[in-house]
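Just the one chain here, the form predicted alone, laid out as structure tokens.
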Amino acid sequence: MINIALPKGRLGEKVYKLFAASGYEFPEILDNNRKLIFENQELNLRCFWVKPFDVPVYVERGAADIGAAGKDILLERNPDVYELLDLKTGFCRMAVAAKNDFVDDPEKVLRVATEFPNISQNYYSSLGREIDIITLRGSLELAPVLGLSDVIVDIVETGTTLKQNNLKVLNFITDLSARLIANKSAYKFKSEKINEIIRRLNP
């Protein structure tokens, strides 16, 4: 049995469509229910929904053999897993944004609000910039508007939310997309089946 961790939400739905189109279907997953675990006995596969940030934990710890995680989460958590495939879905960017009238003063410590403290620290360390990280969970756009931070580091898709809150992108840090990851031990012992999944997902 191959155990697959999928992220709840829009990204997970996109990834599941890729699996289904590749012949890995779990019919019950489309039913309006609250089940978290689904099996396809014919294919000897089991998949389950978990919160996006938790996918690498399930894979690294061996509760899942493979999983789909956003590159942002992999960069933030730096799990000890194999990154096998860019699934080429869930495209977005990690960016620095600030109020439209923001002017950076390099002599001052930059206050950075983010859900991604490790990515933020690594980025600004590469620039030699001293920062004060303020870790928040959601509604980051409020932080600079209310004076809690100077900038935010967050995922940007269309930029609409930034514009509606009078914010602008200052810099793009990296491009992001969903990645297929594997538990290192599982990949060693189940490589034939996992490689078959890779081939089907990436014809």
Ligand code: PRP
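The first residue of the sequence shown is number 1, and the count goes up from there. Since we're looking at a predicted model, the values are computed, not measured.
Omitted from view is the form predicted together with the ligand, to which the following refers.
Although the partner is absent here, T161 is a contact residue: one of its heavy atoms lies within 4.5 angstroms of the ligand in the predicted complex. A residue is said to contact a partner when one of its heavy atoms sits within 4.5 Å of a partner heavy atom; S139 meets this definition for the ligand in the predicted complex. The ligand in the predicted complex is not approached by D175, whose heavy atoms all lie more than 4.5 angstroms from it. When the ligand is considered in the predicted complex, D154 lines it closely, a heavy atom lying within 4.5 Å.
Contact with the ligand in the predicted complex, judged as any non-hydrogen atom within 4.5 angstroms, is confined among 36 to 44, 22 to 30, 131 to 139, 62 to 70 to 131 to 139.
Contact residues in stretch 97 to 117 (any heavy atom within 4.5 Å of the ligand, taken in the predicted complex) are limited to E115.
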